[in-house]
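One chain comes next, on its own, written as structure tokens: the form predicted alone.
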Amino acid sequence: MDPIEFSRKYGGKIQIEPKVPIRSYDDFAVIYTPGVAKVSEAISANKDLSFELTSRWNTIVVLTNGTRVLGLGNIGPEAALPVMEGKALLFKYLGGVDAFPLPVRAKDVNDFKAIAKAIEPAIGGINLEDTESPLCFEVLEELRKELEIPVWHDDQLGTAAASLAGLINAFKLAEKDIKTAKVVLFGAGAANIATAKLLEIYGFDKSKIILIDSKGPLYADRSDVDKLMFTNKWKYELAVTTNKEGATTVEKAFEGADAVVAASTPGPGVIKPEWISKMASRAIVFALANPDPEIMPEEAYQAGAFIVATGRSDFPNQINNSLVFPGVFRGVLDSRSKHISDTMAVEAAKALAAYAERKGLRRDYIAPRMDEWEVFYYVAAAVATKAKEEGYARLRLSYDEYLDLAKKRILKARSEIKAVTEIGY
């Protein structure tokens, strides 16, 4: 069906439905007045009870200003709404999370802070989405500091965690040592800046990572580095701490590299086969741009790649943030966490990698497929357990208890969607 006709037929992708039974007129005395006053009084005495006595425990917002919508660019908040609705549906189907799409007119970090602080009492978390760089870095950083609910930017941390998961297993298959590996991050936007951070936390040598933007490799003596100090401090910090070999050209950056993770301009033809041929033996190539990867898999293999991954489901080894965010939010909501840390993102990556390894790693299977639904239970449990270890969890359970809780809630959400499908609205 044509996407516009599909949207017109259903009038959007999501709706709000009650979860409590209404059997008679008398039920309204419990659901609303006068009975609801007792619930309000209890929460007034202890605000944390809002996570037990209301739907806050399972509700997040997908927050965007529509300035960098995937594949579409700066289209504004109204035009971003159908994308955010789609994301909300994925949250429900894959993670059992009630997500509300919230495109807003926010031009700077102060606007985002005001909006986030105003809605915080009603929600259990915020998923930032499709906001331009470097504003997205500043918004994430500030909201993490000032809110007592978890805040996540999926274009950064979701993509980075999925990339790390794939790299963990690709390095095992290629029999490479992460501590001595040279890794090229092709593209220096939100995804790869976050990827550099997670790689360092996991154990990769930061000095051997090279980021490449539209002007070439980042390095400490590049002519625009001083300007970056004021315009993009996150990119600046990587310029002065990575690429210790001082590669100044793309060709030199690729030379001897063990892996390249590209999150840049859709291709093909963005990454040249001759660059791949300069890489180390058993080279790992992640070309993650959508709808078309920076280099097509067959071309990368012909140039000498050992393992190739893309962001597409019609090729093997799909590396996609949809593997990450449903389980991450299921985990922070189940633990009632106050925060999502970078180390929790690494735990999500490790859980994804471990799941695929249990299934049996192959060159064409380094990460779980999107239809292996049970992987989200393990991601959720790993993240919730890390939240407890780091002192962010309000609800402290064992790993197995978190695992059972995630499974129960995700399966319930799937059964509800299945019922809607069978009714055939």
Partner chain sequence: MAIRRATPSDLETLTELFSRMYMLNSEFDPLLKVPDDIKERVRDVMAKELENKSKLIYVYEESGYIYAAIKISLDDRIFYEPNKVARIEEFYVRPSRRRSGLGRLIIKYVEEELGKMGITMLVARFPSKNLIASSFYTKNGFREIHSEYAKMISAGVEEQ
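Residue numbers count along the first chain shown, from 1. These numbers come from a predicted model, not from an experiment.
One more form of this protein exists, namely the form predicted in complex with its partner chain; it is left out here, but the text below deals with it.
- None of 270, 104, 225, 109 but one reaches within 4.5 angstroms of its partner chain in the predicted complex through a heavy atom, and that residue is 225.
- Between its partner chain and the residues 354, 89, 79, 229, the one pair within 4.5 Å by heavy atoms in the predicted complex involves 229.
- Annotated contacts: 220, 237 and 240 all touch its partner chain in the predicted complex [non-hydrogen atom within 4.5 angstroms].
- Per the 4.5 Å heavy atom criterion, its partner chain in the predicted complex is contacted by stretch 229-237, the sole one of 329-337, 145-153, 229-237, 258-266.
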